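Just the one chain here, the form predicted on its own, laid out as structure tokens.
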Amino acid sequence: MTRDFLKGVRDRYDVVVIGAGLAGMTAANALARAGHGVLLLEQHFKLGGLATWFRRPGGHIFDVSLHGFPVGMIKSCRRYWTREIADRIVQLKNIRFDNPMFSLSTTFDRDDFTRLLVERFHIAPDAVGRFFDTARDMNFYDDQAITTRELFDRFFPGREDVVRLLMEPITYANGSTLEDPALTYGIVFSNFMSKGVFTFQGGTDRLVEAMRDEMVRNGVDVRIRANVQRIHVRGGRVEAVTVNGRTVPTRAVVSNANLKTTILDLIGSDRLDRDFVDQVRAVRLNNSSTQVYMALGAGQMIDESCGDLLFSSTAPAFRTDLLLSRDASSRTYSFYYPKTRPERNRCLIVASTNANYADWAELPREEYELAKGNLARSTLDDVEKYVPGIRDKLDHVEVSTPVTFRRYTQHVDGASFGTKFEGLAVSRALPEQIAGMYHAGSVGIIMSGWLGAVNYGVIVANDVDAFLLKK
């Protein structure tokens, strides 16, 4: 007998949240705390969106997304989630770079980067200080015409090695390029430079479980395998959603789905102004990624000198197109030591490369599987430099591609970081088109990443709360 995943759903809710990524869960939790009746619908059988995990035989648990976030995540989790969650956020203190231009380790904060730029790269202290101050002072109202490349040329002309040091981690973190507005780089970079890179000790499974428990305590009605087919609009207002073939009336909707999917598919362009629809269609998606998951066997350890995060590359220079190539020459490694999940006493390695969806989606099935195998082999060859004899130590290896992300998240083209910068204005303007309709997710690069998703969920929840109270 087919299970009814909507059994017991109420006849009406104040808010329906579509998608249980970090932005969706945070918005749902904040609105429930404010006293609103909230229904959270997730099409997958796990919560978390890209901030989730999967299990494999042998006791292996892999976090799907390589995660490092700024110290601000502690404050946001303490305020909008729980102190217990915030207290498990710890710093990653050994961030490594290894490429033909330089090889170094850093704590990835302003003080250490200043030391490196002055002593190792011989940049004048005044230029370094002015660069950091400029990036720190950037805000949403700044000139969006200047590109990240122009920002670097202003402070470090002709220094491609400095550009690589400053840019490579941010490209990994949110998909930004040298051609994107400098604003989108400066804000994210400054957040990390505050105190360094942090992660959640215990693994994503512990984090999402704690978040689910908190939502349930606050009264959120959480439903999995709940696929939304339609957002209903009448008279310029949200009226209901159709999920698993059932229509549920609601006063407001928060979509944590892809921005373009939300507007063009779930709502429909016929419900919106033509100029706004043109803006939506013009929004560019960000890129996707590939990942190679490697689990070491019981008792096999990794020397912690490998670092926590390692930006490894054989490319002679930093180029965005090389970072997206299927013939990977640059990889970001996350090393998971037993301290990450102390109760399991296992070591894991996850390698990530940014990627284009079309490079994988258009392959015939046989070629697709062959390409995955080649990616696994080339990644192991690269890892051998840091973990000698890696193949003899492994218990499990598997590969995910943009096609994998598209399948499990339903993100258009498997986009890992949502949309480019212009998506933010469209996302924020949606309630002006339809009363009670909101979007919270990875848009405009600034709002991508774990901290961006959580904070955007809070911003939108406040907007929805004000709308419901006014109504």
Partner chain sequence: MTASEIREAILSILSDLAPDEDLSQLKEDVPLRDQLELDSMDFLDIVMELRKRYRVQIPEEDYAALTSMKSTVEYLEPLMKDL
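Just so we're clear, the structure is a prediction, and the values are computed from it rather than from any experiment. Positions refer to the first chain, counted from 1.
Keep in mind that the form predicted in complex with its partner chain is missing from the display, and what follows is about it.
- Note on the partner interface in the predicted complex: the residue among 115, 75, 230, 281 having a heavy atom within 4.5 angstroms of its partner chain is 75.
- For the candidate set 93, 326, 396, 79, a heavy atom within 4.5 Å of its partner chain in the predicted complex is found for exactly one residue, namely 79.
- Annotated contact segment (heavy atom within 4.5 Å of its partner chain in the predicted complex): 79 to 87, selected among 340 to 348, 301 to 309, 79 to 87, 365 to 373.
- Though the partner is left out of this view, residue 455 does reach within 4.5 Å of its partner chain in the predicted complex, counting heavy atoms only.
- Looking at residue 459, you'd find a heavy atom of it within 4.5 angstroms of its partner chain in the predicted complex.
- Contact check for residue 470: a heavy atom falls within 4.5 Å of its partner chain in the predicted complex.
- Its partner chain is not drawn, but in the predicted complex it has no heavy atom within 4.5 Å of residue 60.
- Taking its partner chain as it sits in the predicted complex, the stretch 425 to 454 comes within 4.5 angstroms of it through a non-hydrogen atom at just one residue, 428.
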